Structures are given as C-alpha cells and as structure tokens.
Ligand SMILES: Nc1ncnc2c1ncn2[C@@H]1O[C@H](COP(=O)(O)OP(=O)(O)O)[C@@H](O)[C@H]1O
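In structure tokens, one chain follows: the form predicted on its own.
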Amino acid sequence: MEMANVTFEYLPGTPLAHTALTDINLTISEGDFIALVGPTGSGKSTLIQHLNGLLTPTSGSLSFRGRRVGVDVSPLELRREIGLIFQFPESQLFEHTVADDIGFGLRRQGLTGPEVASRVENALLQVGLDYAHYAQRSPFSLSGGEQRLVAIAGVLAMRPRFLVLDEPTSGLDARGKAAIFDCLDRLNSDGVAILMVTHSMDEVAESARRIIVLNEGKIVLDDKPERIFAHASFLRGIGLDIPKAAELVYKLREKGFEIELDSVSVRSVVDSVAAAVKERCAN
C-alpha cells in the first residue's frame, strides 16, 4: 500500500474549506505493525479513511500492490484486502448470535453454508475466542472486550491482509486491552499488516515496531519506537506524551545511570535498569 503526495481538502471551493492532509508519502508493507499517533485534529482519521477508499485524495495517488486505486483497482476491491475497524466497533453488532454477526458480511458477498461456518470458526480462533463457547451466544451478553473481539472477527472473516484500527482499546479495562493486543500480535505473526491509531504511548511502546507521527496534516516523524521517543521534547511540544517506561529512562539517566535511550518498552527498561544497577553495585 502506497500513498504518493496525497493531499486532501474538506469542502473545497467553499468558505469552510479545510486542508486535512498535505503531501503525504507513506508505504505500508505486509507484516508491518505501525502506530499512527498525533494530537487531536492532526488528520489521523482522515488518513486511515483513505487507506480503504472511503475518501479519495484531492491530489496525489493511492496504490495497492502496484495498482492505482480508482484506476486499476476499485475501492470495493480494496476493502476486501484492507479491513478498517472504527472506534467502538461493538456498537455495530446487531445479530442474535455471535456466529450470525460475524457471518453477516460473508452472506452479503453471496457465500453460504459450510464456507460461512468455516470462516466464522476461523475468525473466532484468530481473535482467541472458542467457537463452541461463543458461536451461539448473543453478542450483547458478552463483556466489552469480548464484543470488540467479535467485531474484529467480523472483519477478519473477510480475510483482509491489512488491518487498520482506530483506537482499538479505547474504553476497555486492562483485561480487555490485553486481549486486543494478544489478538493483534497473533494476526501480525500470521503476516497481517497492522496499522493502529492510538493516543496511548505506553501501548505503542509495547507493541508497534514503527511509529508515524502526524501533526497538522503532515508526517513529521516516521521511524522505530526507540528513535521516535528520543525526540521527547519535540513530541511534548506538539502535545504528545512519551511512554512511562521511556520517561523513567530519562530520569535515571539524569541520576547518572548509564541506560541506553533505545529502552522504551517495560520489559526492555526492566532489563536495562537491572543491568545498570548491577554494574553500579559491582563498581
């Protein structure tokens, strides 16, 4: 998936015209796990709606596997490959059973019988829910985290190779958040590219392998987490936090501990702090 010089303007030619994206160049490869972050109003939602053809660039182009969207590949075809999950997707659950809800999109595509059942079972397996236990339950009898996993399963049943999520853990408790990230990690290990929009830098540090920072409609940083969070002052200046683990590293460095700035996840910081304390005690 490639965006080349994409600019998007809402309500062009009117007094309410507003440029939401400016000259976006972005490549997403299969197997990527990307976090898209930025302050409110930076253009994150506008950007992800371009990724499966819900919005069309005012200028520039979007390509998928070398084929230009809107010319060589239709937005409908694109949506079969790129699953877009909006914030609070569980609000769109409506069928009487979990299996019927997950299979709704498949039936709309004309699939029936064993094929639908097989895809529903596999989608539940992908999100870590047991088919025998959940398939015939009402989605409204589930916890918030389970409902969100069911909503994600409904998209996975369409077998996308790219998954775009807007604030996937918003409103969930710690258990629900852990279940979502366990699911995303499994999908990514199976080769599904993940791009998630999130405000939680702690979640970013633990899961993403690449971070894209958007500000005022422009990509201002695009790199590995440890390199992104080395720009702590810049991030704070545009209204973003840094992970608590990375904050701890900065404070310990101020106290004289020799800890590398590339420690941003909790596990890496624990290992680095343990090594630094051991070295200090040895001296």
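When you see a residue number, it is the position in the sequence shown, counting from 1. Quantities reported herein were computed from a predicted structural model and do not represent experimental measurements.
We do not show the form predicted in complex with the named molecule, though everything after this point is about it.
Among 59-67, 248-256, 33-41, 229-237, the region lying within 4.5 Å of the named molecule in the predicted bound form by heavy atom distance: Of the options given, it is 33-41.
Contact test in the predicted bound form: Arg267 vs the named molecule, heavy atoms, 4.5 Å: Looking in the predicted bound form, residue contacts with the named molecule do not include Arg267, since no heavy atom lies within 4.5 Å.
Interface membership of Ala20, the named molecule in the predicted bound form, 4.5 Å heavy atom rule: Yes - in the predicted bound form, heavy atoms of Ala20 and the named molecule come within 4.5 Å of each other.
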